[in-house]
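What follows is one chain in structure tokens, specifically the form predicted alone.
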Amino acid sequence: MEGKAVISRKQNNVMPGETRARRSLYWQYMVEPFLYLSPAIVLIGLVMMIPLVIGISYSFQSIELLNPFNTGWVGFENYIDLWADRKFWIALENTFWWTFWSIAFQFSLGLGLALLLNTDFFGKKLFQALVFLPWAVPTFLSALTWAWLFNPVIGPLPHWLTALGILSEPYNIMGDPDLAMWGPIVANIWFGVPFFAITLLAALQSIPGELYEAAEIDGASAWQSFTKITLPFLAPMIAITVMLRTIWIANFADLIFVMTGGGPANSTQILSSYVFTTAFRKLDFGYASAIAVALLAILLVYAVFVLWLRKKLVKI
């Protein structure tokens, strides 16, 4: 029998002791690290999952603090009301508008600043500190500052816009339903540009300089070097930063809440601020949870699409 076992191992190209070595390596590199990390993994999982599960469960309940006797499970009633809620669709449209223009300007200006800071010039360190300064300012202070700048009485921006001929007279821009959203968007652009500048600058500094030298020897122009070398190397970082920043901005209601409060006439109300006002002004936590779950589903679909697109671009 022993001879047959030896012959069987040889036929399967497995030497004596090799199976045991493979099991040892599998345990050492695949199982053992997770055993050491399991307390932290379990703790992080509980911290993340418990509030998520509770929040989702609230969306299927009626939880109104002003009507404490009318509570309990209502099934999909909150979602049915949400589908017929005109304010929800206005907030969804405003969320898209707020997120798209904030990301577009933040990314464009951040990429330009990253390319500038990746070169050598006089006063670079001072300029770099000034570029990163908005990221260090508290959000509440940023919102108050920009609200003051847009004030038609004491703020300079309406008077400057009037002098340039953009406005007919200095007036409260954030009181105009057609223009009010641009106030928080401008403040958000100023606040978020350093994020893209920092991350893209780090990615630029990781690109080998030999590639640019070779391209220069081959007679490539600056635009060709940018499109053939810089952008392909930056593509993975761009996908991740844009995805993270989009999710962040869609959930970022601080500037809007301080500067406009969602008004006038819900013209600056986004989904995250609508969640806040529904929960802490109307005290309807069940309906607010339904709005939050809808926002979560939209952002989840977006994140999956961006990751899928990134994987396709990497393969290309």
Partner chain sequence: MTHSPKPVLAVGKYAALLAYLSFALFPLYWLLKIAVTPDQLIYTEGTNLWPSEFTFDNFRSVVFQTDFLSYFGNSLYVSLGTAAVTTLVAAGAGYAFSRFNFAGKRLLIAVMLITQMFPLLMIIAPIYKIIAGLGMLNSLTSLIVVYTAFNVPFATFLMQSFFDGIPKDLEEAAMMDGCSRFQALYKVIFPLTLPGLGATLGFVFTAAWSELLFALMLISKNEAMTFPVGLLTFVSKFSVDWGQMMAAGVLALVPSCLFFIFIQRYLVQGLTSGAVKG
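These figures come from a predicted structure and were not determined experimentally. Numbering follows the first chain given and starts at 1. Whichever C-alpha set is largest while still superposing within 1.5 Å between the two forms counts as the rigid core.
One more form of this protein exists, namely the form predicted in complex with its partner chain; it is left out here, but the text below deals with it.
With the partner omitted here, the residue from 116, 74, 92, 207 that has a non-hydrogen atom within 4.5 angstroms of its partner chain in the model of the complex is 116. Shown without its partner, this chain lists 231, 137, 217, 80 as candidates; in the model of the complex, only 137 has a non-hydrogen atom within 4.5 angstroms of its partner chain. For the chain shown alone, residue 55 is a contact residue for its partner chain in the model of the complex, at least one non-hydrogen atom being within 4.5 angstroms. Heavy atoms of residue 87 never reach within 4.5 Å of its partner chain in the model of the complex, leaving it off the interface.
Of the heavy atoms in residue 244, some are within 4.5 Å of its partner chain in the model of the complex.
Not displayed here, its partner chain is kept clear of residue 235 by more than 4.5 Å at the level of heavy atoms in the model of the complex.
Considering its partner chain in the model of the complex, the lone stretch of 126 to 134, 161 to 169, 175 to 183, 96 to 104 in range is 126 to 134 [heavy atom distance within 4.5 Å].
Taken together, the three residues 66, 301 and 305 lack any non-hydrogen atom within 4.5 angstroms of its partner chain in the model of the complex. Taking its partner chain as it sits in the model of the complex, the stretch 242 to 270 comes within 4.5 angstroms of it through a non-hydrogen atom at 244, 245, 247, 248, 251, 253, 254, 257, 258. With the core held fixed, residue 38 shows a CA shift of 2 Å or greater between this form and the one not shown. Annotation for residue 47: C-alpha shift of 2 angstroms or more between this form and the one not shown, rigid core superposed.
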